[in-house]
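Take a look at this one chain, the form predicted on its own, written out in structure tokens.
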């Protein structure tokens, strides 16, 4: 990947971030900020698509998300933070892009289909939610992003973005927008504490980066393991066992993890003992993040100021991009 690559990534401000976010993209953002020009967006417009009846929730969580970003080590000296709704050019580009994708194509996007089913929208599906992948294409390309750190489940979104980019460039015989690639983390998805495939705020199965030691302990003790492992001396299954899935990701002592797996599979190791070990591992991992978060939280105005100033920088970049776009579509009146 060449130095000219630009990273664009972000999260919806629907609540604090969790361990799934960390392994899916936050960890990668910390790494990429030393290699490329990186933009991190707080996607409040995208959050609006399924929180339009509670916009205050989005407003309140902007600072919470920023605290998580700073706490995990995303550095404002290396990364430009911005708020999606403060860049009006994104909405302008989104409107233009809507003409380059059909309704049927939007409906076939597997990521969107899965979310529609999960949220149970049915006939109540809004146009805003159906078209959010188009908005994401505008988010990325307004700064001419080429790399997006994300899980494999986001591949359909990036594929659709590239379809739009290709069609725009070919329609007007220009080369304004580069194609986009996903940068996948070693662990693209972390299961929820209930054993379901994905950790999610809305599903109530998440461990948040800001959770206290006691809260982490309570959540781990309710974790899904092997339902057939009724007695300690019975052999247990590792596959699908959420506790071991977390140990694989967060325990740096891989030899210990393999030893625990062998004991569990042979029989003689209880779920409670393994869970207590995981509690220790997770709290050791989260403690420095909690400390940094609490430090930044002492001055929330300064935290908000970081993303406000970053938004001002991005508006200038976005304005330049839209000058090129308007020239390409022959609507550059002034």
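Here the structure is a predicted model, which means the values were calculated and not measured. Positions refer to the first chain, counted from 1.
This protein has a second form, the form predicted together with another copy of the chain, left out of what is shown; the following refers to that one.
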item	value
Contact assignment for another copy of the chain in the predicted complex, among 110, 204, 120, 88, heavy atom within 4.5 Å	88
Interface residue in the predicted complex among 255, 171, 212, 222, criterion: non-hydrogen atom within 4.5 angstroms of another copy of the chain	171
Location of another copy of the chain contact in the predicted complex, chosen stretch of 48-56, 288-296, 274-282, 65-73 [non-hydrogen atom, 4.5 Å]	48-56
Another copy of the chain contact at residue 127 in the predicted complex, heavy atom, 4.5 Å	yes
Partner proximity in the predicted complex: residue 83 to another copy of the chain, non-hydrogen atom cutoff 4.5 Å	yes
Close approach of residue 152 to another copy of the chain in the predicted complex, 4.5 Å, heavy atom	no
Contact of residue 101 with another copy of the chain in the predicted complex (heavy atom, 4.5 Å)	yes
Residues of stretch 307-323 in contact with another copy of the chain in the predicted complex (4.5 Å, non-hydrogen atom)	308
